[in-house]
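As a starting point, one isolated chain is supplied in structure tokens, in the form predicted alone.
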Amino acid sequence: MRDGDRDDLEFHRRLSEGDRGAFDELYRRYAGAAYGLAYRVTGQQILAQDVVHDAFMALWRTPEAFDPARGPFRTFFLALVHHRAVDLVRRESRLRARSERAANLEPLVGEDPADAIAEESYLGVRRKEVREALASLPSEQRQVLEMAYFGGKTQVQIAEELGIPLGTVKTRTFAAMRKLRAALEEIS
């Protein structure tokens, strides 16, 4: 084990006990590398700063997320930054695509208006079916789906917000999706 890794373990141990000085030292050690990584992934300074801030806040709120048995702190923290940056890029991309679709409201030349009416009618019925299927889920499963799909949160963010293990979020999501699929196939 490298000396830096040993120091990181000690700072992490102290951070777990609420030591602000240990947090400051980890910030001093990793803020630059974290920003560089986040900037390479996002391509924007402000987004990269947000990612680094969020990652350090997650570390402060839940230092127990780091398990020394799984590898060095540096690897853990930079992986956390990378995942958050990728999630942010995906979310930004979805928002941009949604805005572009909303801005392009003109019908295509030669488009049959009856097709749009039929599609809107089908979508209305399908939305109602999805809402009913969601309502039939156990509340814990419905909650993680709503946070992910309507709140735009990642599974890591959901775990942090609910104070439950990431594995529990994944299990609830998988079970909920399986139940939704079965309920919606039954209707169709």
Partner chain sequence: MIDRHGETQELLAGYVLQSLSSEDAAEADRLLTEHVPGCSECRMMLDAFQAVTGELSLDADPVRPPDPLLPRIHREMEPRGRWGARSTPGRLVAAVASVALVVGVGGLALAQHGGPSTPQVPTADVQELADYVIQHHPIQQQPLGGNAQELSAPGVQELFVYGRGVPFPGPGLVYRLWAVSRHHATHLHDFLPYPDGTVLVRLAVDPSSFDHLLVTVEPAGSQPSEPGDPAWPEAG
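In this text, rigid core is short for the largest set of C-alphas that superpose within 1.5 Å between two forms. Positions refer to the first chain, counted from 1. Just so it is clear, the model here is predicted, and its values are computed rather than measured.
Omitted from view is the form predicted together with its partner chain, to which the following refers.
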Would residue 49 count as touching its partner chain in the predicted bound form under a 4.5 Å heavy atom rule? yes
Even though its partner chain is not shown here, does residue 146 get within 4.5 Å of it in the predicted bound form, heavy atoms only? yes
Give a yes/no on whether residue 62 approaches its partner chain to within 4.5 Å in the predicted bound form, heavy atoms considered. yes
Residue 159: touches its partner chain in the predicted bound form, heavy atom cutoff 4.5 angstroms: no
For a quick check, can you give me the residues of 50-87 that have a heavy atom within 4.5 Å of its partner chain in the predicted bound form? 50, 52, 53, 56, 57, 58, 60, 61, 62, 64, 65, 70, 74, 75, 76, 78, 79, 80, 82, 83, 84, 86, 87
Could you check, with the core superposed, whether the Cα atom of residue 13 shifts 2 Å or more between the shown form and the other one? no
Using the rigid core as the reference frame, would you say residue 22 shifts its C-alpha by 2 Å or more between the shown form and the other one? no
Direction of the Cα shift between residue 170 and residue 55 in the predicted bound form, where the change is 3 Å or more: farther
The CA atoms of residue 148 and residue 86 move 3 Å or more in the predicted bound form, ending up closer
